[in-house]
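Okay, here we've got a single chain as structure tokens, the form predicted on its own, with questions on binding and movement later.
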């Protein structure tokens, strides 16, 4: 993990509320802080249940991928065009993606194993534990 959006769950919750509110962002943020993380959990759950995945695009991350071959990267990019790989040295790549793309990777066959490695990295860095639990469950992190 090189970088991720700060406070990703809060960012997604703000985006979710902003979709259905005419309030200014500062008022939405104050409301979210007052209601607390249980309300964020409610909003994230609703987003995932309703498949309103566009708000997940506000949570972005950048990772270092080491030892990946060009053909492997090419296959992922063809299947998931919103992955952004930047070549570094040898077989190393800088990968940029958002949480929506991560959810799609995890749900659709070819990318699941790769998504699980990204989710494990997020967990290791304690990035978005609430989102990870709701979107991907506890099972993959227990292994």
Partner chain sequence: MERGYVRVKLLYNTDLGALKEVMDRKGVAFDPSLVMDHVVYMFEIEDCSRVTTHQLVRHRAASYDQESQRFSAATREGVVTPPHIQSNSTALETYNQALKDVYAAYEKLVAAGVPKEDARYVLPNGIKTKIVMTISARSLMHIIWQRTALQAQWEIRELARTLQGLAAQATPELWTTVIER
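Numbering follows the first chain given and starts at 1. Keep in mind that this is a model prediction, so the values were computed, not measured.
One more form of this protein should be noted, the form predicted together with the partner chain, which is absent from this view; the next part is about it.
- Using a 4.5 angstroms threshold between heavy atoms, residue 30 stays clear of the partner chain in the predicted complex.
- Contact annotation for residue 11: at least one heavy atom lies within 4.5 Å of the partner chain in the predicted complex.
- The closest non-hydrogen atom of residue 95 lies within 4.5 Å of the partner chain in the predicted complex.
- Shown alone here, residue 44 lies farther than 4.5 Å from the partner chain in the predicted complex, counting heavy atoms only.
- Proximity to the partner chain in the predicted complex, taken as a non-hydrogen atom within 4.5 angstroms, holds for one residue of 38, 70, 66, 50, which is 66.
- Listed stretches are 105-113, 30-38, 51-59, 73-81; the contact stretch with the partner chain in the predicted complex is 51-59, by a heavy atom cutoff of 4.5 Å.
- Residues of 6-32 placing a heavy atom within 4.5 Å of the partner chain in the predicted complex, in sequence order: 6, 11, 14, 15, 18, 19, 20, 21, 22, 23, 24, 25, 26, 29.
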